[in-house]
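In C-alpha cells, one chain follows: the form predicted on its own.
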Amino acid sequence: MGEVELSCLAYVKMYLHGCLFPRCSVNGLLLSSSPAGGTVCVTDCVPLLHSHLPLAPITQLALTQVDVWCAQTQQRIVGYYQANACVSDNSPTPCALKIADKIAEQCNNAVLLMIDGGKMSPDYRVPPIVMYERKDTRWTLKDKHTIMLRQWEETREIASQLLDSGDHSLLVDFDSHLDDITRDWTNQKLNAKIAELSSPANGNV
C-alpha cells in the first residue's frame, strides 16, 4: 500500500469523539470521496460507538446504514478507527481487527487507525495516531513516513478551539443516534463548524 492522507475534517472528528467520551473505548469508520487506487485520501469519518464495541448487531446495523449513505453521497468506506478506554493501550483489539477485516474485503487499501490516548493532549506536536495496513492476512504497522496530515498545526488548533468552546458536544456518534434518532450521525452541523474554522477567511487553509 502507498501513502495515506488524512484530512483535517476526519482527524478533528476522531479526536473530538475520543474527547467526548474520555473513559470509554470509541470507534468509527474512515471515508473517502476520492476514487480507488493510488493514495488513500481519508476525507471524512463516521463516529460509531462509545459503548459495547464488540456488540455485532449494532456494528452491522451501523455498517449497513453508512454504506447506504456513502452510495448516496459518492463516498466509500476505506478504514476503521478506534481509541481504547485504557490510554496506555493503543493495540488493535479483536473487535478492531474483525471490523477492519470486513472492510478490507471490500477495499483493497483499507487502513486500521488506532488513536494513542496517551498522546491526545492539544499540545502534542505530532498526530496521536498509529496506523496499520493489511499484508496478506495480517495487520502490520504502517511506516509513519507514508501517513500525511497536511496543515497539522492548523488542524490541531481547530481541534483545540472546538474543545475549548464546548462545540465538541455537537458531535453525534451512531450510539447517540440510536438513543435519540432525531440526532444526526452524519454530523452536518459539526462539519460546517470545522469548515468555517478552516476557511481562508479565518487564516487557515
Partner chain sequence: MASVSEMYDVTWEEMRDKLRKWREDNHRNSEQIVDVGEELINEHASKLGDDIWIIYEQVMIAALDCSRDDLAWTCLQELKKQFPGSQRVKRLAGMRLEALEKYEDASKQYDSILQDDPTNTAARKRKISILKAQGKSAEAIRELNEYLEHYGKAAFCLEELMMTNPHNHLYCEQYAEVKYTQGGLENLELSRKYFAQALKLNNGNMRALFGLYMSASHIAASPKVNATVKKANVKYAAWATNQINRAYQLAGRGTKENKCSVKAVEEMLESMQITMS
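Positions refer to the first chain, counted from 1. Everything numeric in this text was worked out from a predicted model, so none of it was measured.
Keep in mind the form predicted together with the partner chain is missing from the figure; the text below concerns it.
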{"query": "Whether Leu9, Leu149 and Ser160 all lie within 4.5 angstroms of the partner chain in the model of the complex by heavy atom", "finding": "no"}
{"query": "4.5 angstroms heavy atom contact with the partner chain in the model of the complex for His52", "finding": "yes"}
{"query": "Residue contact check: Glu196 to the partner chain in the model of the complex, 4.5 Å heavy atom", "finding": "no"}
{"query": "is_contact(Gly37, the partner chain) in the model of the complex, heavy atom dist at most 4.5 Å", "finding": "no"}
{"query": "Residue contact check: Asp179 to the partner chain in the model of the complex, 4.5 Å heavy atom", "finding": "yes"}
{"query": "In the model of the complex, segment of 62-70, 28-36, 152-160, 135-143 with a heavy atom within 4.5 Å of the partner chain", "finding": "62-70"}
{"query": "Contacts with the partner chain in the model of the complex - residues in 17-42 whose heavy atoms fall within 4.5 Å", "finding": "Arg23"}
